[in-house]
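Here we start with a single chain on its own, the form predicted alone, put down as structure tokens.
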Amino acid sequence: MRLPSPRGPLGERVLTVLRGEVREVGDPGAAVIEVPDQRACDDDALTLWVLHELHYRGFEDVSEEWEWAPALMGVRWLLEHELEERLRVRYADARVPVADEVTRSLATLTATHEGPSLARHLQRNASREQALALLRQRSLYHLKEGDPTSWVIPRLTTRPKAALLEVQFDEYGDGDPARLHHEMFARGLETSGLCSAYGHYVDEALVPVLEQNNAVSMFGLHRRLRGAALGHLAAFESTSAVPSRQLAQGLTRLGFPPEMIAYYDEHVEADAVHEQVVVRDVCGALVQEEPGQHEEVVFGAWTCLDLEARTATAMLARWDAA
């Protein structure tokens, strides 16, 4: 993957620096990135996505030495701080109820959260062009899928760690490279006539899609956000089985190849099992050992559902299908 096109002055400055040489701290030629006072949300979202991707597979036109370069840390910290603040303000405004037990909190949240459904639209009404557009947007996440959550593993104690590894082992195909979920999605893209290269469609990614990816990466990369990361995973797994069935039915209706449909069929069964493990054995065990993480888990779960709803709203508005 090569660097995407910037969406504003901040992105232009960061991408220009990334194409250059890494200099040591104190070197007169070391990069200094000035953050503009006025910035657009799409500029911020894409720039943070680029900075996070340095911790995943990187970019062909960027030196690997940039991953932890001090010149980037201040910019990343600022963008993450502002993103987290926006998410927490939305969460506070939503007045999400927190029950005595985290399992009940998550069950209530996932059962009552409302929002438009892209899966239902694809199942019943979407055109093939709309389905292809959705797959391109989804590719930013599904071509990494379990990777952001894997950052959390070393930050957990025995019980939640063991349970999370059970889920992640399944996400990574139970040791079979052909069964890795992101590899299955890549095959589905290829057989559907789309590009399966990692990050290929970032230039057309909507802001809510970029923020979805940025939030889950931010949660995984910060130890203090481990509860939010696991709550995010719990909400994702708890609300994935039914939409996956709807997506599989919609893709079948539109004549998509079996490889693409198989990806969603896999998640109908797998996520129904993962839901119980993540809610009870991962989040439940975490909060039992660290009661202060209860509301963080709920915050992460609500953020997952809220960003999904915002993505659906944006795409349906684009299609005038709300």
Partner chain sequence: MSQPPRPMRITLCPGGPMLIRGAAVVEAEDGTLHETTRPVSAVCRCGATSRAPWCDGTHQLLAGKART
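Small disclaimer: the values here were computed from a predicted structure and weren't measured. Numbering follows the first chain given and starts at 1.
There is another form of the same protein, the form predicted together with its partner chain; it is not shown, and what comes next is about it.
Does its partner chain come within 4.5 Å of any heavy atom of A272 in the predicted bound form?
-> Yes - in the predicted bound form, heavy atoms of A272 and its partner chain come within 4.5 Å of each other.
Partner contact for R138 in the predicted bound form: its partner chain, 4.5 angstroms, heavy atom = R138 lies outside the contact set for its partner chain.
May I ask you to check whether D265 falls inside a 4.5 Å heavy atom distance of its partner chain in the predicted bound form?
-> Output for D265 is yes: heavy atoms within 4.5 Å of its partner chain.
Report whether the minimum heavy atom distance between H121 and its partner chain in the predicted bound form is within 4.5 Å.
-> Contact check for H121: no, nothing within 4.5 Å of its partner chain in the predicted bound form.
May I ask whether D174, R245 and Q276 each come within 4.5 Å of its partner chain in the predicted bound form, counting any non-hydrogen atom?
-> Affirmative, all three are within 4.5 Å.
Which of 144 to 152, 209 to 217, 163 to 171, 123 to 131 sits within 4.5 Å of its partner chain in the predicted bound form, heavy atom basis = Only one stretch qualifies here: 163 to 171.
Residue (of E295, D281, E290, E259) lying close to its partner chain in the predicted bound form, criterion heavy atoms within 4.5 Å = Among E295, D281, E290, E259, a heavy atom within 4.5 Å of its partner chain in the predicted bound form occurs only for D281.
Could you check which residue among R159, R104, R179, R88 gets a heavy atom within 4.5 Å of its partner chain in the predicted bound form?
-> Of the candidates R159, R104, R179, R88, R179 is the one lying within 4.5 Å of its partner chain in the predicted bound form.
Select from 101 to 116 the residues with a non-hydrogen atom within 4.5 Å of its partner chain in the predicted bound form and write them out in sequence order.
-> Stretch hits: a single one, A111.
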